[in-house]
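Shown next as structure tokens: one chain only, the form predicted alone.
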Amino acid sequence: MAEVRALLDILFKGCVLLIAFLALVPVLHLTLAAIVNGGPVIASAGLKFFTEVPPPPGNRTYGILTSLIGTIELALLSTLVGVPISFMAAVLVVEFPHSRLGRIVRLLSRTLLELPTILIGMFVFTIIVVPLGSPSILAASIALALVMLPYVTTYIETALSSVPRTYREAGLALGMTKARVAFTIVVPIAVRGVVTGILVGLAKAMGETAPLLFTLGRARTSLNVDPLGPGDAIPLLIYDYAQAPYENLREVAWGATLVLITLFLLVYVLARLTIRGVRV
């Protein structure tokens, strides 16, 4: 009987490893394809790939300056807009779960999690781009903030929920209000989980294309940092250039893909390093 259980345990572990490997195959394939096709493009262009604007159709194969700066600007603005809302929503849901507002916020957060991002882009287009008369970095940042909001809220909610109830009871026993307990005791304990949620939401927003199609514009020939003006982003550049009939544009798309994957992996590694140090 013991031998049968050992055999079943080995088979179970083998199935789990096989399924995990199959799940990683698309990611590994995309990463390898980006390295094989984008690596030589970046190597041949050198620093010009990061300091030159995207090329017109022709023989040039560099660069992505406006898209790279636009991606960084979008990441910063969407974080500034989305993180405070996500943080307050998570605190409300965890610390006041039975309140009417807490239940509504939880429902809205779960709804946004399942909502196609293209609809978020159309929503922002309707309420911001149309009244302003043109796409803008601000509109795209708000769209990305809405995309990252449910992810950040869920991660922060999980981090706050993992704090033992005894800490909350100790604070209440000292005469502290529920809100003060949340912000001075619970949040500092769960700070690493909070940071992880922010990083995961940032990674999600950095790779989105659909919300940018109608909200950002395509300002690629000149650098623009005005939030009310149009901009560009690496995912949007990849979307356009990967379908272009010109070889040099497709090469830029491959190089930009490798840059985007590298940025995503850096954020992911930073998030994993943050999780490793979590202690309650």
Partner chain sequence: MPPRSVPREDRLFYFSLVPFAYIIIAALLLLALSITWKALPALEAYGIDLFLRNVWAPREDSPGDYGLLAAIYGTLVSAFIAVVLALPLSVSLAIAVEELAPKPLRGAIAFLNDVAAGFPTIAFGLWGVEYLVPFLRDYVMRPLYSSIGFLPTFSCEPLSGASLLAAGTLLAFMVTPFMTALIREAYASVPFHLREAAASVSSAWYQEVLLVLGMIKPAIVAALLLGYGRAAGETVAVSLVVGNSFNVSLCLFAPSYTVSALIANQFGNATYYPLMPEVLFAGGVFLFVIGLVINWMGVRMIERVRWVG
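Here the structure is a predicted model, which is why all the values come from computation and not from measurement. Numbering follows the first chain given and starts at 1.
Note that the form predicted together with its partner chain isn't included here; everything after this is about it.
Undergrad: Would you confirm whether the three residues P84, A182 and L265 all fall within 4.5 Å of its partner chain in the model of the complex, going by non-hydrogen atoms?
TA: Yes, the whole trio is in contact, each within 4.5 Å by some heavy atom.
Undergrad: Is N37 near its partner chain? Define near as a heavy atom within 4.5 Å, in the model of the complex.
TA: Looking in the model of the complex, residue contacts with its partner chain include N37, since a heavy atom lies within 4.5 Å.
Undergrad: Any chance F50 has a heavy atom within 4.5 Å of its partner chain in the model of the complex?
TA: No, no contact at 4.5 Å.
Undergrad: Wondering, does L112 line up within 4.5 Å of its partner chain in the model of the complex on heavy atoms?
TA: L112: yes, in contact with its partner chain in the model of the complex.
Undergrad: Hey, in the model of the complex, is I156 touching its partner chain, heavy atoms inside 4.5 Å?
TA: No, I156 sits far enough from its partner chain in the model of the complex that none of its heavy atoms falls within 4.5 Å.
Undergrad: Consider the chain as shown here, without its partner, and state which of I120, A75, L160, L138 has a heavy atom within 4.5 Å of its partner chain in the model of the complex.
TA: None of the others qualify; the residue that does is I120.
Undergrad: Listed by sequence position, which residues of 242-257 have a non-hydrogen atom within 4.5 angstroms of its partner chain in the model of the complex?
TA: Going through 242-257 in order - heavy atoms within 4.5 Å of its partner chain in the model of the complex - the hits are A242, Q243, R250, A253, W254, T257.
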